[in-house]
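The chain below stands alone and is given as structure tokens, in the form predicted on its own.
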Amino acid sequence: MRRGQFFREKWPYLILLVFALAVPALFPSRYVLQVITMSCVFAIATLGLNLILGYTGQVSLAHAGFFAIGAYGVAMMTKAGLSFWLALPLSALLAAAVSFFVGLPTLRTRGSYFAIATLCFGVIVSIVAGSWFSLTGGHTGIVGIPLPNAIPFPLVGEIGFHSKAAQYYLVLGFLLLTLFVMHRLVNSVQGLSFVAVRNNEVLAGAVGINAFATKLLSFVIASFFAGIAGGIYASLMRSVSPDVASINLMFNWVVYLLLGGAGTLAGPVVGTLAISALTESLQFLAEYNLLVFGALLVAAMVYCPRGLVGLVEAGGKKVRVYYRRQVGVRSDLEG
């Protein structure tokens, strides 16, 4: 790809990257920066959910359970003195390992049966976290979780994460890494297998794709990123309780994904940031804001089933078609 062509195709992403890097300067308020940082954490979890639900077509409602495993894993390991940079991957691997054993029986079911089975797992994690006082602290949870360890750099010194800006850049780095991994994955041969299973599982099996193994792999990878998000959340919030495995959190991610655009890379991020901003704006409605979200979800399912990203893509496609027609008409007139 030539340099000029690269910039013509990628300039919107470069602008978004510059904007993301400038967020702490544009929004100096600690509260606003905290909201944006937590939205980015939830965007990582929603990207994982997008892999199993959006690309593989399996409605998993256990995501909050694996998020909780990652959160409690980092909390207990760092409280025991282990570095955050070791505790985070270990906790995410623990969430992935648990998801493997959960997926073995549940992925043999389909449709609503799989959704109910995974929902039950999330509820079980919440109950265990609230009842196992000696390990999880019960409903009080674990408090006093250390912040991520400072990173030493030659000539610069250590880079700590005590400021809100530093925490934002930490989460932004993980979000960009997650997007990169997801982009490489869904555009690979394995990613095509995920989509094939989503579109027609029987036909995918007929052409040699092991549908069960494909779904299990997608489930494990999605749970790994849920564990990553949970670990980052616990370390930045410095406390964790059974609420991290709540059904409300799970359904929030589903709403983020569906309104943003399931089966797209930008959808989970756009949906999470947009709905989080809307939530903060509608705080004056108190409990009535659920009515707004319900109406938005119904409208999205009816008028833009591919979410906000799908709506933008459809509008862009119409603009390009119109532009090409105008260019063609002008060429005909000049000829």
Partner chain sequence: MILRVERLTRRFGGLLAVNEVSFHVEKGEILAIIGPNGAGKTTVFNLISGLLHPTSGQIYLEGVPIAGLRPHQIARKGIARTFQTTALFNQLRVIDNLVVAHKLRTTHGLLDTLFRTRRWRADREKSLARAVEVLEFVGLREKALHPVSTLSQEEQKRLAIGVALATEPKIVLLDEPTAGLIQDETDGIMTLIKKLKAAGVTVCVIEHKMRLIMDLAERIIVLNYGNKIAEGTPEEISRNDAVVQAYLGGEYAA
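Keep in mind the model is a prediction, meaning the values are calculated, not measured. Numbering follows the first chain given and starts at 1.
Although not depicted, the form predicted together with the partner chain is the subject of the following passage.
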Which is the contacting stretch out of 96 to 104, 198 to 206, 79 to 87, 130 to 138, given heavy atoms within 4.5 Å of the partner chain in the predicted bound form? 198 to 206
So which of Ser163, Ser188, Ser239, Thr109 gets a non-hydrogen atom within 4.5 Å of the partner chain in the predicted bound form? Ser188
Counting any non-hydrogen atom inside 4.5 Å, which residue from Val181, Leu216, Val254, Leu265 sits next to the partner chain in the predicted bound form? Val181
Leu259 within 4.5 Å of the partner chain in the predicted bound form, heavy atoms: no
Would you check, heavy atoms only and a 4.5 Å threshold, whether Leu170 touches the partner chain in the predicted bound form? no
Determine whether any heavy atom of Ser193 comes within 4.5 Å of a heavy atom of the partner chain in the predicted bound form, and answer yes or no. yes
I'd like to check something about Ile221: if you look in the predicted bound form, is any of its heavy atoms closer than or equal to 4.5 Å to a heavy atom of the partner chain? yes
